[in-house]
Structures are given as structure tokens and as C-alpha cells.
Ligand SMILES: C[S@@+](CC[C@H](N)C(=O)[O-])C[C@H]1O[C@@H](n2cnc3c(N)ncnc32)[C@H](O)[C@@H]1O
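Form predicted alone, single chain, as C-alpha cells, below.
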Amino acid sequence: MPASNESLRSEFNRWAEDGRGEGMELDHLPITLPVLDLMQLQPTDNVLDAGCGAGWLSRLLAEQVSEGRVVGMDISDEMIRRARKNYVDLAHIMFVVGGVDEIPWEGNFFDKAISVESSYYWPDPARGLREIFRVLREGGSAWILINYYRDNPHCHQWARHYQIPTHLLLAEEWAQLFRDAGFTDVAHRRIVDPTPAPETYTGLWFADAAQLRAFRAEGALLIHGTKR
């Protein structure tokens, strides 16, 4: 495993051991549900969840693709261990250890691929998108949702808290990476987080409640494209 992937694996194993994998659903559900609607999932779709963590999104996908297959993939073997334990009863979900730079799956298989709050950690986003393009079938689509992007000034301070390298890119830079990977019909939009901010904020990521409110009002960035 390349050193960059090993660093990611170690960091997200630590997150898993701290229970942060299971907590991601609460944080990300309000911005993810609108994306699932936009994806227009079909019951027979095969779907890749890239950076699946402890499996919460894979579970939601499996509810909509009852006749297809969901493959949850994460660089963290501890996240995958927990995902397998959490959803052992869902027969049409498979969880695999792997990174987007070399997806352990055959080409032209998936109808849809989604990544939520993962892609800015990828060591080489361009390579990751090329790999996602490879494993999608013709007519398939890729959907990336992130809260950390340059157009939203209220997240830039997160960089000093990360223990691993990240990519703070503009929306249009992400869109160009999609095009360079071969995707067509590439577009991006904001998904506003309607979650009310507390009157007082005492967490790590924002200066105060006003900045948290401003961050949520800017919305998460959704980029998507199609393999033709």
C-alpha cells in the first residue's frame, strides 16, 4: 500500500475506534438525502459507495436498490470491519477494503457511484475519478458530495485540524477533474444544510455559531457526471 494510503488507513482506523464512523450519519444525512433523490436510483442498480465508513450510506442505498447490489468501499479496514458487523443481515451489501486509486472491482459494472465527505482526502483525486469512471457502466453516473471546498470560506479553517493532507478545490476545479476523467454532462450545485445551528457553538471546527450558520447556508458541494 502506498505511504499516502497507509496514512489514510491509520487515521480513519483511529476515527473508527473512536466511534466516529457511526456518528457520520447524524452529521451528513440532511445533505445526503437530497442527493439520493437526484440520483434516481432504480431497484436493479448496482451502486458503489466510495469511502463508506461504517456503512450508514450503504444501508440507505440498499433500501432503494433491493434487486441490485451495493458495494461499500473504504481504505480503513477497521471501518469495513464495523460496517460488516453493523449490516451483516443485508445480503445485497458487500463491504471491501480499498482506495479509489485502485478500486478492487471489475470495469463497467456499477450503474451509480457516490462518495460523501471523502473525496478531498483522496491522495490523487484525478486518479480516483478515472478509476470510478472505469468501474461504471456506459450510462452510469458518479456523484460526489463534500463540505470542504474553496468556494465556501467558512470551512477553510478546518485544514489546521486535519492530521492528513487534504485538497481544498474550487467547484469548477472538481468539475474539470470529472471532465478530464471522461465524464460528460458534468454539473455542480449546492445542497443547503437545513439543520438549525445552536445559539452557542463550542466545537472545534467553527469560530462561533454565526460561522456555523453561514457555513450551512452556503451548502455542501455536489458534483456529478455521466459516462457516455
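Throughout, we count residues from 1 along the sequence that is shown. The structure displayed is predicted, hence computed values, not measured ones.
The discussion below concerns the form predicted in complex with this ligand, not included here.
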The single option of Val116, Leu129, Val135, Ala83 touching this ligand in the predicted bound form, heavy atom within 4.5 Å = Val116
inquiry  = With a cut-off of 4.5 Å between heavy atoms, is Trp174 one of the residues that contacts this ligand in the predicted bound form?
reply    = no
message = Can you work out whether Trp56 and this ligand are in contact in the predicted bound form, taking contact to mean some heavy atom pair no more than 4.5 Å apart?
response = yes
task = Spell out, yes or no, whether the shortest heavy atom distance between Phe215 and this ligand in the predicted bound form is within 4.5 Å.
result = no
task = Evaluate Leu222 for contact with this ligand in the predicted bound form, applying a 4.5 angstroms cut-off between non-hydrogen atoms, and reply yes or no.
result = no
query = Quick one: which of 70-78, 87-95, 151-159, 105-113 gets within 4.5 Å of this ligand in the predicted bound form, going by heavy atoms?
reply = 70-78
key: Residues of stretch 155-186 in contact with this ligand in the predicted bound form (4.5 Å, non-hydrogen atom)   = none
